[in-house]
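Given next, in structure tokens, is a single chain: the form predicted on its own.
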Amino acid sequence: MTGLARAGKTAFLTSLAANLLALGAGQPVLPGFARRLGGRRVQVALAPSGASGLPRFDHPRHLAALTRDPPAWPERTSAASMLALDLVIGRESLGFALPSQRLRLELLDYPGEWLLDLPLLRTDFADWSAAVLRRLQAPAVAPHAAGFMAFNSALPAGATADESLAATGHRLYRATLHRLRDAGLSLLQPGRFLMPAPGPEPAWTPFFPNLGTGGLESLLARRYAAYVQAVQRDLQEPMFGNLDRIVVLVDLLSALHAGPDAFGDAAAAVSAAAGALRWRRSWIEAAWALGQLRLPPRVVSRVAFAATKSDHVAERQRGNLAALLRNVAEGGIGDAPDFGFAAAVPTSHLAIAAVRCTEDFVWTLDGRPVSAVRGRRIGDERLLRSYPGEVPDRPPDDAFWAHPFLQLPDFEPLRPPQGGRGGVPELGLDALLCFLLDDVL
């Protein structure tokens, strides 16, 4: 489970676990998933952490935040963690004599910052540097990158391999990435500069984008190559090497609300991630791996892109939100790498709200009924009515930005019934589960 920054991974995992546990306890939750089970009974339990070296996702603490008075959003996580659930599913009527189906779902909270490292596996240092430096010159980005760009521009093209220059440039570039993230931008690479992996940082970490021709550029290119190799090795580690389905969460509504620059950046990030995930392993890739005396990486069998916070817009707009996500994710399809006779991964694009914070209602504006939502703004006990506007079903044109009207109040979450034992109010989680688990069900 991964996604762009602040897309709601913690809320997603908390709600997913709470609703599956409630379903196992006989509560009327996840109706679409219950129908997919076809009347089969299901038992659900949190699995023991076992011998995994990953921290366990603290589901009870995050669920407790939702059940406070007033309810609060769970704190965002800042490191990889694992949530494991054991499911025991009864057989259908013709297979009643067979043992129940046992399934373990291991849900890895994969930092969204690391997701955007995957496109680097097919990008060399020169191309990456050119693309980053071009983006840092954009009018909306340049003020945040002024210090780094001034340093980089002052370097002579033939600068020698100087460790102090590499360290200074790295520090300035890393600070730039943090400022850009705080400004709401998403396409920030390398991701481990923003969220380092556990343990001490490797000696090759200090590098930054540079288009020189001397010894410094050669040093930076070697370190970039070492970084990319480390990303590749991570995908072979037990922590990541067994991934076979991926959920990518994207907060497109906040990007639309923030304006054309933030939306364009988020769209580029989603497209880059989609291009990196859109493949099955081909015989060429398998032969290359075996030639290096290692096993090929595991196939990613299903990918779900989910636009979050869909309850902030009215029901009639949620189809547009899913269509917008599909258009954005498929925007880079022509740039996706060719892996040699590789088939596309089954992919779904959905609009969800893992933790619902509004309800739908019909509001009369200027004498006309409109579909709207209402909820409690954080810190206010009164119900706030909201007509957020229309969501485009494709990347908006200049006319859309000329009249910004999309409003996104900060609503508090709806309190889960029975202290969370009755599940968590949500939208679309059952459709997402049906897609992810259809083949094993």
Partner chain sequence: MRVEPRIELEEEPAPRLEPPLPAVVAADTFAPPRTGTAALALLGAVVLALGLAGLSVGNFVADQFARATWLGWATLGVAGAGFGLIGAGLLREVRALLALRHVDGLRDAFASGNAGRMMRAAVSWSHTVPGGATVAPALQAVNDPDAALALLRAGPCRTLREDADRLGRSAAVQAVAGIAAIPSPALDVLFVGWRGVRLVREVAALYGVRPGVLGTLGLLRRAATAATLVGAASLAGNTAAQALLSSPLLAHALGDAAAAGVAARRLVVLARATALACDPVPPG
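Positions refer to the first chain, counted from 1. Note that the structure is predicted; figures quoted are calculated from it, not measured.
As for the form predicted in complex with its partner chain, it is not shown, yet the points below apply to it.
K.L.:
Check each of R316, R233, R222, R76 and return the one that places a heavy atom within 4.5 angstroms of its partner chain in the model of the complex.
P.N.:
Selected option: R316.
K.L.:
Identify, from the list R41, R394, R68, R56, the residue with a heavy atom within 4.5 Å of its partner chain in the model of the complex.
P.N.:
Of the listed residues, the single hit is R68.
K.L.:
Using a 4.5 Å heavy atom cut-off, which stretch among 118 to 126, 190 to 198, 139 to 147, 358 to 366 contacts its partner chain in the model of the complex?
P.N.:
Of the stretches listed, the one contacting the partner is 358 to 366.
K.L.:
For a quick test of understanding: in the model of the complex, does each of G169, H178 and P202 have a heavy atom within 4.5 Å of its partner chain?
P.N.:
The answer is no: none of the three residues contacts the partner (heavy atom, 4.5 Å cut-off).
K.L.:
Taking 4.5 angstroms as the cut-off for heavy atoms, does L383 touch its partner chain in the model of the complex?
P.N.:
Contact check for L383: yes, within 4.5 Å of its partner chain in the model of the complex.
K.L.:
For P28, is any heavy atom within 4.5 Å of its partner chain in the model of the complex, or not?
P.N.:
Output for P28 is yes: heavy atoms within 4.5 Å of its partner chain.
K.L.:
Do Y387 and its partner chain share at least one heavy atom pair within 4.5 Å in the model of the complex?
P.N.:
Contact with its partner chain, yes.
K.L.:
Report whether the minimum heavy atom distance between V370 and its partner chain in the model of the complex is within 4.5 Å.
P.N.:
It does: once its partner chain is placed as it appears in the model of the complex, V370 has a heavy atom within 4.5 Å of it.
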